[in-house]
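Quick heads-up: it's one chain on its own, the form predicted on its own, in structure tokens.
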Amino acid sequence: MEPRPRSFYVLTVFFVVFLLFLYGPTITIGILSFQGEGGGLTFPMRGVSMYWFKDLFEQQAVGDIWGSFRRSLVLGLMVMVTTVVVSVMGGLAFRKRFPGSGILFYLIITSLVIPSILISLGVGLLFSQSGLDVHWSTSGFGAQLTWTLPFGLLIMFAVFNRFDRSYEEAARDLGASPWQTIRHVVLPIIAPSLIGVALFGFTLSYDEFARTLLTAGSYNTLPLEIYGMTTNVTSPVLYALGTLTTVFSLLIIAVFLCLALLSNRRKAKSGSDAGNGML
């Protein structure tokens, strides 16, 4: 067996160090969340138990954590659905050049480079000066869309740039209406990409802090509630909350990955069945 070059080992060490840097804090929080009842926020651990996870479910221990979780979940679903729908519509619209398309594209991308806190401040001022209530479901929803929509649109632009229009032409030749073509041809083909856009929309909204800070009103979302806890909670219950939210995020990602896998398998099966039918 030919010996590996020295660069292989250097890159391996670099990759391991990078993984430790990336996931080390999360792993540390996960370990410290299993402190014993008399444990603190640092090592060494004083016993191992599930005490702080049980304490997490006591309302007086951590404030309105479950209310903020429900708000973040609902807001994430709202942003996810809106991002998917608008991204598909925008992707279809930008398949052909139209007056002002270039300017509109750059305006969409601009929201990614503007500091998030300025977006939050601007949206909050716009609602308050217009006499509208600053609330997580209105101003917070709009502020988060300035973050998720550009990502969704960029994904759809890439998808439709590679899309083979011969499928649509074949559907129209067979008498399909434009809506039937989109529903029965375009959407099934781009379904895995739609799942990716949905995942982007939900996770970016669920974790967003800066753009929600000045637009959530009097009711916190989960990131805002956790930030408030860091100033008055001095027990490992904060780590227990971090562990649970991390597990929840991983479960959401796993669900979306399973949906993407099922979509790919269904598409492959339908293609195989169509090929057998032709034979």
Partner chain sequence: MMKLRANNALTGWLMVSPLALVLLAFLVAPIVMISIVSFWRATEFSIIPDFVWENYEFLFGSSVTYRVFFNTFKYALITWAFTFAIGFTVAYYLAFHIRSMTWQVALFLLCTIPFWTSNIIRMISWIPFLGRNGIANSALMSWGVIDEPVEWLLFSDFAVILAFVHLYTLFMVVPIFNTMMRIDKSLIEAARDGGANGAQILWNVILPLTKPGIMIGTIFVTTLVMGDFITVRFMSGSQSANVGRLISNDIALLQYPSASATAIVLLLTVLIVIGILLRFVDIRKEL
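By rigid core we mean the largest C-alpha set that fits within 1.5 Å across both forms. Residue numbers count along the first chain shown, from 1. Model, not experiment: these values are computed from the prediction.
As for the form predicted together with its partner chain, it is not shown, yet the points below apply to it.
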> Using heavy atoms and a 4.5 Å limit, would one call residue 246 a contact residue for its partner chain in the predicted complex?
Replying inline: yes
> Would residue 66 count as touching its partner chain in the predicted complex under a 4.5 Å heavy atom rule?
Replying inline: no
>> Can you tell me if residue 49 lies within 4.5 angstroms of its partner chain in the predicted complex, counting non-hydrogen atoms only?
In response: no
> Looking at the partner-bound form in the predicted complex, is residue 97 within 4.5 Å of its partner chain by any heavy atom?
Replying inline: yes
>> Please determine whether each residue of 53, 185 and 263 possesses a non-hydrogen atom within 4.5 angstroms of its partner chain in the predicted complex.
In response: no
> Okay, which stretch from 164-172, 108-116, 72-80, 185-193 lines its partner chain in the predicted complex, with non-hydrogen atoms inside 4.5 Å?
Replying inline: 108-116
> Going by heavy atoms, what in 36-55 lies within 4.5 angstroms of its partner chain in the predicted complex?
Replying inline: 41, 42, 43
> Superposing on the rigid core, do we see a C-alpha displacement of 2 Å or more at residue 13 between this form and the one not shown?
Replying inline: yes
